[in-house]
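Just the one chain here, laid out as structure tokens, in the form predicted alone.
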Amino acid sequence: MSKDNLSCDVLIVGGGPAGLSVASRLAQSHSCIVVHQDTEIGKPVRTSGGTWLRDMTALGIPAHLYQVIDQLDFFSDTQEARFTVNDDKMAVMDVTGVYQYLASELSPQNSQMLLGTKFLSCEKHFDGTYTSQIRSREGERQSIQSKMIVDASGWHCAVLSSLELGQKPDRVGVGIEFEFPIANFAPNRAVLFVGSTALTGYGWIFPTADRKLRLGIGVINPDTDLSPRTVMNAFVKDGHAARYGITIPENYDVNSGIIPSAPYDPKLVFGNIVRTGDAANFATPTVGEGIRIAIEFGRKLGAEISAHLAGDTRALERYEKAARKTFERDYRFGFMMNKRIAGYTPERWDKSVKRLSRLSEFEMTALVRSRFGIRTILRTVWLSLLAKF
């Protein structure tokens, strides 16, 4: 890292899928610097990588970077709901591979990436520009001058917090994941489990394209004071893995991550400060799945920032309105569900999974994707009423 101060048109804080996607769609005439705290793109892994085939295809993600899923099974303590998915198939990403693919889309002519670098703070000047302070892992501090800043720092909301425009969410989903060889588990099958093994959250079993299996459990803090590690240890000790047809080996990789679990806030633009990805709470409120959304809206934001810097005064407003149209209604209903089911007892989860088994494939995928049209909402309410009798 040079000791000279740096400057750019757009400083992007965060080198995950949101920040990388913004950088990839900036016009060549606009320079950007991406500040990323990790020393390698996509490592360590902080997400399970669950997504949907049609989104991967629409986003142009190469097929070798995800595993297609056409069997999705739900389990509670005593109930099961099994779905063969024909129309809207799920997929599991090679998270590191996808992030590195996104990084490969950046142009070296206008993009610079600073890895192993922590964003510390920023201040706004009278002329509307910004000076940000960063620090390398070796402890060297440096300043970056920029016209704009994109907060793609995830749940930390580092830029907004520094400028007192927002703050970290006080309710978050915290997850841990064991990754090991797939063995005899079907490579086209995924499992979601709820109940006593993952109270306030859920667990998952996802096969990957490189013949690995990801066994994870997430909980919501502070709805519970348990850590996902504690819950996972109990899961392993009590032998629950056998129910799903898996054996946990002695050696495995451990992934962990945090996502916001808070209501959607439509305010995304603060002058020349814009937030996206998890910093904008784009992850779905039902299962916390957000990489595809971070890519889609990161690319939208990159294009609109280019238009904004070229003089289009309504460009950033278009980005904010597009997000509001996509998320506001669905996420409001989804967060209501999130808050409600976080307090479910194992018995209540048994009733819910039994109700889930009555849904069609379309209704099931709409719920998991947090797509709540009138049909889905009415069907969900009707099944909830039936459960009371």
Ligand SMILES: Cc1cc2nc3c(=O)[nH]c(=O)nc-3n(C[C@H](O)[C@H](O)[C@H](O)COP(=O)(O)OP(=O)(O)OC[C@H]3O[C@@H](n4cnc5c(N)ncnc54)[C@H](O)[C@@H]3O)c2cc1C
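When you see a residue number, it is the position in the sequence shown, counting from 1. Since the model is a prediction, treat every value here as computed from it, not as a measurement.
The discussion below concerns the form predicted together with this ligand, not included here.
- The partner is not drawn, yet in the predicted bound form one stretch among 229-237, 300-308, 254-262, 76-84 has residues with heavy atoms inside 4.5 Å of this ligand: 254-262.
- For the options Gly290, Gly195, Gly203, Pro207, the one in contact with this ligand in the predicted bound form, meaning a heavy atom within 4.5 Å, is Gly290.
- Shown alone here, Tyr99 lies within 4.5 Å of this ligand in the predicted bound form, counting heavy atoms only.
- Residue contact check for Asp38: one or more of its heavy atoms lie within 4.5 Å of this ligand in the predicted bound form.
- Contact annotation for Tyr319: none of its heavy atoms lies within 4.5 Å of this ligand in the predicted bound form.
- By the criterion of a heavy atom within 4.5 Å, Gly154 is counted among the residues contacting this ligand in the predicted bound form.
- For a residue to qualify, one of its non-hydrogen atoms must sit within 4.5 Å of this ligand in the predicted bound form; none of Leu199, Tyr344 and Val368 qualifies.
- Residues of 88-119 that come within 4.5 Å of this ligand in the predicted bound form, judged by any heavy atom, are Tyr99, Thr117, Lys118, Phe119 in sequence order.
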